[in-house]
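Only one chain is shown below, in structure tokens, and it's the form predicted alone.
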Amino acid sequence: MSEVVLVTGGGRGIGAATSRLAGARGYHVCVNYRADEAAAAAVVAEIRADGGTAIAVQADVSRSAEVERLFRTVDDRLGPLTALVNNAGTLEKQSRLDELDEDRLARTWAANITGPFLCAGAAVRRMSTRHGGSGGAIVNVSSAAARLGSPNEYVDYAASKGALDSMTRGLALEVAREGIRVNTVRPGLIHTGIHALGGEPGRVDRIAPDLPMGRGGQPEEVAEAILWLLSPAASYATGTFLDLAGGR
């Protein structure tokens, strides 16, 4: 029986790289997307062209009804879920904390906290031996910002990723004896389109020369770490954090 992975926000950036790599390694892949159907369809087409199995499913993962529909679609079309990558997230324009308002905070919390919580819950209900499942693995995509705070740019984003880190640790302890491993990757400056959402598409190039390694990372480098954490090679890792930030 093939492994089945759901990658939220799987059509772009780190999510797309993870989806493609999972497909290449034999996973049946669900590429979740919220709005960019064309990007998700392109990733699915790449996986299928290489002989893999993949579907694209639209869902806003911050809405519980849509999450249940998403997971039921995976059940019906790909089979029993064995892996979840909580990758979907967002940030907004660079700003100081004293310039934020409640609407921005609500949007950030919904995408970066509520969505991963809802998806993790749906995954546990399917994978946990307590619920009759056969086990599995969850990888949360956090950020080095959770450690660094992102002053003058994204303190709200950093705080939301800090919450995701806390969820990783707590959930890992809850389900450690139920056959589920829960871990987190914390990317640093990675060349993806998310920086354009903050108003500075070239942010990585601006900061990269000051990093210990002198360069930004690539989505494929993060995907490799995610797939390792999902794999049997990481069978004794749970509640752990893998920093991918070039030494920062």
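A residue's number is simply how far along the shown sequence it sits, counting from 1. Not measured: the values here are computed from a predicted model.
If you look for the form predicted together with a small molecule, you will not find it shown, but the lines that follow are about it.
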{"item": "Location of the small molecule contact in the predicted bound form, chosen stretch of 207-215, 43-51, 189-197, 176-184 [non-hydrogen atom, 4.5 Å]", "value": "189-197"}
{"item": "The small molecule in the predicted bound form: contacted by all of Ala35, Asn87 and Val141, heavy atom 4.5 Å", "value": "yes"}
{"item": "Gly13: touches the small molecule in the predicted bound form, heavy atom cutoff 4.5 angstroms", "value": "yes"}
{"item": "Exercise: Tyr157 in contact with the small molecule in the predicted bound form, heavy atom 4.5 Å", "value": "yes"}
{"item": "Proximity of Glu68 to the small molecule in the predicted bound form, heavy atoms at 4.5 Å", "value": "no"}
{"item": "Exercise: Val61 in contact with the small molecule in the predicted bound form, heavy atom 4.5 Å", "value": "yes"}
